[in-house]
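Quick heads-up: it's one chain on its own, the form predicted alone, in structure tokens.
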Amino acid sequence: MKILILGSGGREFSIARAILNENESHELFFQPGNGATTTLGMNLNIKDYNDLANYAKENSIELTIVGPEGPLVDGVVDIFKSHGLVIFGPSKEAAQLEGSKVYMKNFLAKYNIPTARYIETDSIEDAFKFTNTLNAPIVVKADGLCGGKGVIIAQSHDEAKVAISEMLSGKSFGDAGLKVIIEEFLDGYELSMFAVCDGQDYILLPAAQDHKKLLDGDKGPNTGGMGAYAPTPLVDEKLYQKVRERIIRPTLDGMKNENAPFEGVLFIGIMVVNGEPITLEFNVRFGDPECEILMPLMTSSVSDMFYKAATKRLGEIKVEFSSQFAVGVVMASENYPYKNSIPAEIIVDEVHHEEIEKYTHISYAGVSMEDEKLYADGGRVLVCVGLGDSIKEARDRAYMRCGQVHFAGKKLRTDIAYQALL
């Protein structure tokens, strides 16, 4: 099968790697890809979506998988479908569940899906007034896309008001922050859950936990994610069932009611409070680095799951997962997430240890290739993934792999999966 993958990160690398592991005869294309995806397929440089759709038609691409949120919110799925192409991802209208936090929160309220008490506004007076009714900490969110960084957890009312002022003035996140959501802080533990949807049916994947903060002990600024593990022992079948009944089913039914059936990955950020799942947010694509740990756990066909979801036939298949655990540790560049870093050559030691060879791998993200040398370009550079029969074994293996990777200024957390190992 010829498959086109949109995106350039570790998420897209991991999807491609899983597809090739199931069948090496698949032919892969990436737009734009990164310096390491050239080892898996062909990188394209076609930025216009109509031109890209024409390329897909002319080259008999049978399936397109969209990785990041940007193209989805921009309507790439609608464009490809207008060309008669099979593409996995939500329509532009359905992608508003991530593209606009205001749309998402109002949707949750309309369909009685559990979520935190909130206000959405572009009025600084109304925002401050509502803030005064809440106890600190207070959550302040920019409405639009901010690359996973548009959420501030303010530790005081004054801090919340500064965050609100900077968003509404455009100082913090530009146009993405000109409307804000202020909501109560929920005290519990956070989960990432992913449902692969075809508009009617869905498949719920094993629950994961990611680590947003830059530094050990969940200190420092928020990032796009510094590591993750799955499945988490903090979820039992009872909690999965509550998520299915209270969040996923009403969301799919509600989106159909809104004439925007949801097809693609519904990423549900959940806070579990006293055993009850509360929806923090929706995203409309796989999380990164969660995708990097979920893909290697799939034992059934990855490409078939995406194809059946994109053709509204999920009910025909059974998706199966390994009984193992996966842990992913992100290696980031020296100045992440504050500013760009100088490109640094990546040296990966030759693997002589059978355990590392068999149970670990690297998913590449922010890298470029020059003269057959791989360079860390900045941001999150790569993810070292370990598999094991326990979370500890998977974690230990992931860090063994980390020890084989070298580049100037590399930055990583040393406590990924600590919640499950306390």
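None of these values were measured; they are calculated from a predicted model. In case it trips you up, residue 1 is the first one in the sequence shown, and so on.
Below, we turn to the form predicted together with adenosine monophosphate (AMP), even though it does not appear here.
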| property | result |
| --- | --- |
| Adenosine monophosphate (AMP) contact in the predicted complex: E190, any heavy atom under 4.5 Å | yes |
| Contact label in the predicted complex: E183 to adenosine monophosphate (AMP), heavy atom within 4.5 Å | yes |
| Distance check, D78 to adenosine monophosphate (AMP) in the predicted complex, heavy atom within 4.5 Å | no |
| Touches adenosine monophosphate (AMP) in the predicted complex: L280 (any heavy atom, 4.5 Å) | yes |
| One residue of A116, I119, L204, V162 in contact with adenosine monophosphate (AMP), assessed in the predicted complex (non-hydrogen atom, 4.5 angstroms) | A116 |
| Residue among H157, R244, K212, K312 with a heavy atom within 4.5 Å of adenosine monophosphate (AMP) in the predicted complex | K212 |
| Per-stretch contact check against adenosine monophosphate (AMP) in the predicted complex, the hit in 280-288, 248-256, 345-353, 123-131 (non-hydrogen atom, 4.5 angstroms) | 280-288 |
| Partner contacts in the predicted complex for 95-114 (non-hydrogen atom within 4.5 angstroms of adenosine monophosphate (AMP)) | K101 |
